[in-house]
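Next up: a single chain in structure tokens, the form predicted alone.
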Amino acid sequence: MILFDEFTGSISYNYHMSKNIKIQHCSICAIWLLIVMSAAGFAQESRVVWKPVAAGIWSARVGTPESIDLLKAAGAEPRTQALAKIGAAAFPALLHKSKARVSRGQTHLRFPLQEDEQLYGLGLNFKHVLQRKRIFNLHVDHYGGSDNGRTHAPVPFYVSSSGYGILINSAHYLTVYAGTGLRKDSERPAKIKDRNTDRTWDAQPDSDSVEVLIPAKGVEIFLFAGRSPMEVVQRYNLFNGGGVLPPKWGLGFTQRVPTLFSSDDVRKEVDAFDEHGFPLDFVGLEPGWQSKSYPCTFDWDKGRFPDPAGFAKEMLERGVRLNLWLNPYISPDSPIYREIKPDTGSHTVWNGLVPDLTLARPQRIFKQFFMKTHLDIGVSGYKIDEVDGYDNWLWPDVASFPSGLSGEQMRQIYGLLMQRQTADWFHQRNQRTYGLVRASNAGASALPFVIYNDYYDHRDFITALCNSSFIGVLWTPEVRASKTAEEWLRRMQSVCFSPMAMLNAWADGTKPWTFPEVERQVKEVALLRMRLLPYIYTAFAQYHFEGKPPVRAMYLVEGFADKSAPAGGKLDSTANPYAAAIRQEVKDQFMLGDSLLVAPMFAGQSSRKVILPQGKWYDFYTGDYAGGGEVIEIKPGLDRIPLYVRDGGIIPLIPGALRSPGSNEILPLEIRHYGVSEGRFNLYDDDGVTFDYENGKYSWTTLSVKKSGGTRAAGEVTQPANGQRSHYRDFKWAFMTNQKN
């Protein structure tokens, strides 16, 4: 065994544990022994050296990082001014003890953990939001029902409740031991327990570190610090370009139509939505729009769509956008097949070529064809399917690509590459887009895509919605089908409070009114989403400018954690129900923006518990006081999804409409105030379509409620200081709460 003392420069060599030879300060011998060590596959563990890269952010390089990584694939560009605006943050002292070693072509990382730390993140998980004491093999794949790391967005980023986050910037399958795997040299060894007599015996004792295995000779690491988990997430998102700001139409309602629908079928579908009074902003065309799919031609089927340009123009004139399904595997019948073939991988997917999208030539071929055939005629976005898994669908790990990337690396970044490329096409046209994707990874915050999948558990969908907020991706709990009217309504209520309100009818042609007995309630919640667009759009503006995710797990919410409760030990749920509740895994409620708490209901559930954070909270619909810093049990009935607003919360609403507001449309604004405290809301606005906001063409209107001498609160509207116009007028205040409460 060879050991190197980094402080004294001495090397100890223990041969078969029987002889010990110590050589003091002999640089030649040290070099010789290190060469021997390297040749034998031995490596010492050394401290990670952190260097500052931005306000509250540090990086470290271990070994020799590879030329491709996740952030390069995503094309992330840090928003340095926004990061500086958050301010400095102290380096987490505990992380000075971080260790690393490179051995036998693999990199091992070790980050210390305190006893009372909790971990969040580590991919788009569907079962859990508390990730300590779990093991992950972070691997892009279709989610298979287990939080084992194989998922649509296996983002190698975790957030600590102690106020920091760690990103492993590697395009490899990573194994993460998140506080499990107890070392014999642990600074905090586990208590030895007798399984025969001690009921607290645990087969998996708590570890005092996070350990990561990377199958590469080096890696880049980033550390994000903050005064709270939310601030850590903000820095992470801003470092990756800030969150996406979708077009306003992207936040309306979308219907994906059956696979073989024609242009005439789509026209009838849009007519039906209008006749039933349901909102509709964009229609998703599934594989049948193409002449062939699986693999794809990317060209229009002239039988079902004889005039694609005329059809797209007609839909735009009706205020409806078109979104095209594709998977990026090229059919021999595609017009670009022969030209792109030299720049594709060694293996096919469904007999389709897999282009190496890290190379300029296939990027150019894709761009020229897609721009001419889709974007130039008015297509507004894409649904990028099957870039995730399964192993028997995609190229195998033994595949190779012209760029030199392995099949494993390409699998980890392929979803990122497709998102980035298509997003760039729209950006060059000064046209915002918003679409769907099946696989993503670190660095995706600024990319205009929402993740979806074929897994279909309503409760787990809400858990995934919470988890998405830690890792810089968006997720939709889409609606496809239901066994009962109750389930249909509950699913529709949830999706209307997510990043994309989508009904995916590709398989069975369901409509929002498929269950007539709940048609009224479904319509009401769909129109409520349309009314809330100013609030939701502002939440996305916060995502872009400040890094705050629009949908937030409760662990990111100020006032949720009970600081007075002890970190360890058991809590009495009778004596202190709130402290006991937040110590459990809270994964069935979330925040939308700063002020709105959403508590979904599920089929078969007539009542539920809601954990209201510290402070006062009020019922969204009535303004009545609901509680604060406590657990309440509610029986809301079938008609409404439970919503609560924090004290002083301001919620702006527009009239319910079937389409999202146009770029020149001026609308009246109802401004609701909840509670008894003064409040302030900065309302964001721009044209909702272009990227002109990047050049300062946007506005912030301040909506505030103030009290004077204990009198009734009064509302004020302060117009934008930069001279930019908002699209709102005729401000009408509504004070929802009796001021005596």
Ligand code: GAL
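Keep in mind that this is a model prediction, so the values were computed, not measured. All residue numbers refer to positions in the sequence shown, first residue = 1.
If you look for the form predicted in complex with beta-D-galactopyranose, you will not find it shown, but the lines that follow are about it.
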Tell me, out of 588, 147, 385, 281, which residue has a non-hydrogen atom within 4.5 angstroms of beta-D-galactopyranose in the predicted complex.
385
Just one of 506, 298, 366, 461 has a heavy atom within 4.5 Å of beta-D-galactopyranose in the predicted complex. Which one?
506
At 4.5 Å between heavy atoms, only one of the stretches 92 to 100, 170 to 178, 448 to 456, 601 to 609 reaches beta-D-galactopyranose in the predicted complex; which one is it?
448 to 456
Using heavy atoms and a 4.5 Å limit, would one call residue 294 a contact residue for beta-D-galactopyranose in the predicted complex?
yes
So in the predicted complex, does any heavy atom of residue 287 sit within 4.5 Å of beta-D-galactopyranose?
yes
So in the predicted complex, does residue 438 come within 4.5 Å of beta-D-galactopyranose, heavy atom to heavy atom?
yes
With heavy atoms only and a cut-off of 4.5 Å, decide whether residue 325 touches beta-D-galactopyranose in the predicted complex.
yes
